[in-house]
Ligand code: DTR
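The chain below stands alone and is given as structure tokens, in the form predicted alone.
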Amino acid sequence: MRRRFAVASFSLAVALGCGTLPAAAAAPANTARSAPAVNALAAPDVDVTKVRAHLSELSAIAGRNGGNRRSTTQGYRDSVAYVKGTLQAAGYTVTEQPCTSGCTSGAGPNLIAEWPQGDANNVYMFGAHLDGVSAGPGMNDNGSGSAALLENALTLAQQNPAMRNRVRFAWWTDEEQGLNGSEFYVRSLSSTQRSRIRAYYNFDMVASTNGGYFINRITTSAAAPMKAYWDSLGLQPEENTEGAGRSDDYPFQQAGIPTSGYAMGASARKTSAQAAKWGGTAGSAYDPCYHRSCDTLTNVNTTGLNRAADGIAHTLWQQAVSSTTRD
């Protein structure tokens, strides 16, 4: 998640560069449990060990490239290659969308993958920024969201359910420099293409070690399946006030597209009331390693990561998967 500063306004008149694609109290940080299904259209349990394996790959990429994955570096380009190759091996057609205006000079591309089933006029987007800051490898910010999203895409491909709506995944460039990759994508959409996106869901810092359970725009209809899932775990989620306007859901929100998403918090401090219901340390930052060199694999709350990954799957299944059983 980027630091807070004003977001410039943008035009929505540019044609889309990539076109229509073919395609409860917190447990200790290193524990996880399977979550219960909340209704008959139950999503699969996303394997958090596989999510952590993606994080390990992103950590290794940072280690080979000066310790970070900033959008302008080889570390970011290698991160793109890893996500792209993993998706292609699962059968996705993946599009790299160069950010040709508004991004930091030398920034790598956005990465877009669409599951080619379901009504193309009803698209549900799930996104996370893939870049990090130059200070460290960015495992919580935002390897956590990127890895949870990737394993959800792979789970969808493996399950191959009947679909009633389309699902599109995105990994954004240059978020840390000002939401630039997602802003470019939204600017690139025609009015018709924007109207087909029924909701955009964002995942930024979903494994904060002293974190809470926050949902963007928690009272909206878009947020309803996300809230229902965390409610089923007794987590009593709260509105993500710290992250408002600071991550890649904001350009979609500004364009009139319904948005929501999960987060576990950045540099803001946990209150006593939050510590009482979620565990952790009151008065300390949700992520003590926010934008620091210590944002490594040890800075990952596996329980929170698991709950976020499964909540993404639940939301995807509720919004896009058909109740009809595939032959």
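This structure is a prediction, so every number in the text was calculated from the model and none was measured. Residues carry their position along the shown sequence, with the first being 1.
There is also a form predicted in complex with the named molecule; it is not shown, and the following applies to it.
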Report task. Check whether A266 has any heavy atom within 4.5 Å of a heavy atom of the named molecule in the predicted bound form, and answer yes or no. Result -> yes
Report task. May I ask you to check whether E242 falls inside a 4.5 Å heavy atom distance of the named molecule in the predicted bound form? Result -> yes
Report task. State yes or no: in the predicted bound form, is some non-hydrogen atom of D141 no more than 4.5 angstroms from a non-hydrogen atom of the named molecule? Result -> yes
**Report entry** R246 within 4.5 Å of the named molecule in the predicted bound form, heavy atoms
**Finding:** yes
Query - Position in contact with the named molecule when the complex is considered in the predicted bound form, options K277, K270, H291, H54, heavy atoms within 4.5 Å - result: H291
Report task. Check each of E183, E151, E176, E114 and return the one that places a heavy atom within 4.5 angstroms of the named molecule in the predicted bound form. Result -> E176
Query raised in the report: Just one stretch in 65 to 73, 46 to 54, 257 to 265, 277 to 285 has heavy atoms within 4.5 Å of the named molecule in the predicted bound form, so which one is it?
Result: 257 to 265
**Report entry** in the predicted bound form: members of 73 to 99 within 4.5 Å of the named molecule, any heavy atom
**Finding:** none
